[in-house]
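Shown below, as C-alpha cells, is a lone chain in the form predicted on its own; questions about how it binds or moves come after it.
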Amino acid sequence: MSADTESGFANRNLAVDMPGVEWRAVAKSVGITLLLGLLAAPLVAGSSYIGYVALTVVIFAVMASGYNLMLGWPNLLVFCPAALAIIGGVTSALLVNVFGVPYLVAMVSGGVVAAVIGGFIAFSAIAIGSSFEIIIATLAFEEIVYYVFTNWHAVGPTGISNVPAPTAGPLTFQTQLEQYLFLLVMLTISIGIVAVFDRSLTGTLTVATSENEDLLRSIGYNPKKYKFIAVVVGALLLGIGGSLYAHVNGLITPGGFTLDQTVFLLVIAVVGGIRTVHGPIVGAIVLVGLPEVVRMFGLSNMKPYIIGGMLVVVVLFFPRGILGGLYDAIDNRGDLSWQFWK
C-alpha cells in the first residue's frame, strides 16, 4: 500500500486502486443482478401492473444504491439524497426537452451535475464534522433545492412534463418491457460501480474512516479523501437515478423529491442492508413491492403501519438489514441468535 498525506485529497486516485480490485467478486455481483433481473422479465411482459411495480423497484434500487454508498461505507449522515436525485432528473429533462441533447448524454450530465454538487456537500459535511449538524445542514440544503425548483419558471410547482422516454441512439425504450430491460442494464452498471468500490482498497479505507480515523491518519492515510469519494460517487448514482425516474415516468416534480422521499430511500437502505452491495435491491423489492401486495388485499389503509412495523422488526432483529443479517447467519454457520437477544 502506498500512503497519501493529510495535506490534500487528490494525490492518489481511484485508478491506482483498480489493479487491486477483486474482479471475480465484482463479476459475481454483476452476474447475479443481471441473471435475477432477466428471470423476472417474463413477469414484466405478462402483466402491465407487475411491469409498473418492477420499473419502480429498479429505479429506486439505483437511487438507493447511491445513497447506501455515501451513507454506509463512510458512515456519513448526509440527509439530502432526494435533492441530489431531482437535480439529476431536472438537468436531464431540461437538456433533452429544451436543447435536444441525446438521452444518454443528458443522463450522464445529470449524474455529473449531481456529483459536482455532492462534492460541495462532502466538503461541507467533512468541515462540519458533527453528525447532528451534518443532518441539519443537509436537510436545509434539501429544502433550499425544493424552493429553488418550485420558484424557477423552467420547473415550477408542477414540474417538467412530457419528458420523452429513454433512448440509446436509434433505439427508443417505449414499452414496459423495453424500459425494464434498459433499467436492468443501468441497475447492473450501478451495482458494478458499487461492487468495484466495495472490493477496492479505496472502499476498504472508506470503511476504516468510520471505524477509527486517528488510526488511519497514523499510518499515513487521509480519511477526508475517502469520505469525499464515497459521497461524490453516491451522488453520481443518485443523479442518474433521478434521470431514469424523469424519463420513465415522463414527469418530474419538486414535490416528489422532498423529505418523504429521503426517508423512503433511507428506509430502503436500512431494511435491505447498509454497506451491502445488493441490499438496496432487496430493500426496494420489500418497500416498493410490499405496499402493492397489501393494497391487493384491500388493506391499503394499513400500509403505513405494516411498513413501520416491518422497519421496527428489521432494526431489532437484523441490525445490519435483511441481507446483512443473512450474511451474518451464514458466517456464523447457521447461528440465528440475533444481536437484539444477546
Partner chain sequence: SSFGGGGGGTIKLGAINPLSGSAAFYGELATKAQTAWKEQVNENGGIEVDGSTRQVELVEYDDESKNSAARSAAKRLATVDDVSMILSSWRSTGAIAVAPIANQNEVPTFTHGFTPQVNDPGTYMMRLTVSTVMDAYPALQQVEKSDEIQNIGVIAETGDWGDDTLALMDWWFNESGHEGDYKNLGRFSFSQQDFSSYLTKAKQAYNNGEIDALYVQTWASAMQRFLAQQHREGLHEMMPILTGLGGADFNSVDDVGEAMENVYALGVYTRLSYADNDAIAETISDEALTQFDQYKQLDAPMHPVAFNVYADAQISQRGIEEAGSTEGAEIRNALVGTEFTTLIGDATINDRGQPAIPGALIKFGTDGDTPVVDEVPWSGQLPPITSIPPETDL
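Positions refer to the first chain, counted from 1. The model shown is predicted, which means the values in this text are computed figures rather than measured ones.
In what follows, reference is made to the form predicted in complex with its partner chain, a form of this protein that is not presented.
Student: Check, residue by residue, if 157, 176 and 245 all come within 4.5 Å of its partner chain in the predicted complex, counting heavy atoms only.
Tutor: The answer is yes: all three residues contact the partner (heavy atom, 4.5 Å cut-off).
Student: In terms of non-hydrogen atoms within 4.5 angstroms, which of the given stretches 91 to 99, 108 to 116, 187 to 195, 250 to 258 touches its partner chain in the predicted complex?
Tutor: Stretch with heavy atoms near the partner: 250 to 258.
Student: Hey, in the predicted complex, does residue 38 get a heavy atom within 4.5 angstroms of its partner chain?
Tutor: No, no contact at 4.5 Å.
Student: Quick one: is residue 296 in contact with its partner chain in the predicted complex, heavy atoms, 4.5 Å cut-off?
Tutor: Taking the distances in the predicted complex, the answer for residue 296 is yes, it comes within 4.5 Å of its partner chain.
Student: I'd like to check something about residue 28: if you look in the predicted complex, is any of its heavy atoms closer than or equal to 4.5 Å to a heavy atom of its partner chain?
Tutor: No.
Student: Out of 52 to 77, which residues reach within 4.5 Å of its partner chain in the predicted complex, heavy atoms considered?
Tutor: The one in contact is 52.
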